[in-house]
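Single chain ahead, written as structure tokens, the form predicted on its own.
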Amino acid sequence: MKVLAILYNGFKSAVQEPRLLGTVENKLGLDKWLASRGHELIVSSDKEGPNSDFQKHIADAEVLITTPFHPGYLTREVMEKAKNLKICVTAGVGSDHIDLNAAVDHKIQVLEVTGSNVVSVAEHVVMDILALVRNFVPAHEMIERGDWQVSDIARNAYDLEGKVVGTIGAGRIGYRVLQRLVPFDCKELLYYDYTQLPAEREQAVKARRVEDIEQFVSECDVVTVNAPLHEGTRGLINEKLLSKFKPGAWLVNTARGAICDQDAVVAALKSGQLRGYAGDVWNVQPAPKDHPWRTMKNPLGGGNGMTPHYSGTTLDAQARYAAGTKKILENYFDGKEQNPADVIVGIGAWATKAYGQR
């Protein structure tokens, strides 16, 4: 059968480092294995527009492999053309680049490698929090410029200890963020989620659930977003909600860019309502060169901790999601049952509540 993989170009880095499995050059390590089983593998990064490799090959592909880091957007319209498509595999975590409701209607299975990069992202969240709170980026840029004015940095640098930190979403990633924050002796750890953690897990991280999101953000010095993108979270952090934040709070989003309103974030940072915004997810990926999140600043000229989408694609994570992708494909080819935790959409039905209550 025909397997189409939309991956990102690694160029010379992928040649120098073969463990960059999620690249066009290294093909998730699947090429020889698929060939040995008699399947055709098409790998490309070309995904935009009607004449792209993505649009051309999706027409007769049975299997589509994508990643959250260079997503091929599988819309309902594209599915109409994909007459042979039976299964979509996300090499990683997060399948919002696929119209999941359309996948249900078209009886196309959607699976992802659950848990493959949760540690990687949780570590990145803590790094982003510290980078913002300690005003690290402007400090480093000062050194690169050859300057040395400690007061310009220290005037906007704080300790994480004694702060209230809250996560929107306390699932696999959000909970691990809470675990990693425990040693910092924060004043309090909060979470906002539509389900309450089991009492023993809540107690293990000494976290408190706040059921009203406006109340939740008003109590936090730091808010971190660790929820999937779906109908209930798209545009969740907008102008209205940002006005309820504690003035001068920090916001970290490594979940999905579209959870935050682009222009509202820019305005909140510029006004100082947000002291900082960091993350590696964008509402369009790759982000255009003129995307305002690349250059936005707070009134003191700092507060920007944006990076390309790489938190979940460390070399360790790539090894996990490549192996998980192979296992999903192997189960599909051999007619074996999939790991239930990996299934987002089964044949004609939702299989998870991770993308909102159904």
Ligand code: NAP
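Predicted model only: the values in this text are computed from it and were never measured. Numbering starts at 1 and follows the sequence shown.
Below: the form predicted together with the ligand, not depicted.
Think of it this way: in the predicted bound form, the ligand has a heavy atom of just one of 268, 251, 260, 173 within 4.5 Å, and the residue is 173. A single residue from the set 134, 230, 106, 246 has any heavy atom within 4.5 angstroms of the ligand in the predicted bound form; that residue is 230. No residue in the set 27, 90 and 325 has a non-hydrogen atom no more than 4.5 Å from the ligand in the predicted bound form. The partner is not drawn, yet in the predicted bound form one stretch among 260-268, 157-165, 97-105, 279-287 has residues with heavy atoms inside 4.5 Å of the ligand: 279-287. Under a 4.5 angstroms non-hydrogen atom cutoff, the ligand in the predicted bound form lacks residue 148 among its neighbouring residues.
Contact annotation: residue 311 falls within 4.5 Å of the ligand in the predicted bound form, judged by heavy atom distances. The closest non-hydrogen atom of residue 192 lies within 4.5 Å of the ligand in the predicted bound form.
Although the partner is absent here, residue 226 sits close enough that one of its heavy atoms falls within 4.5 Å of the ligand in the predicted bound form. If you take 204-218 and check each residue for a heavy atom within 4.5 Å of the ligand in the predicted bound form, you get nothing at all.
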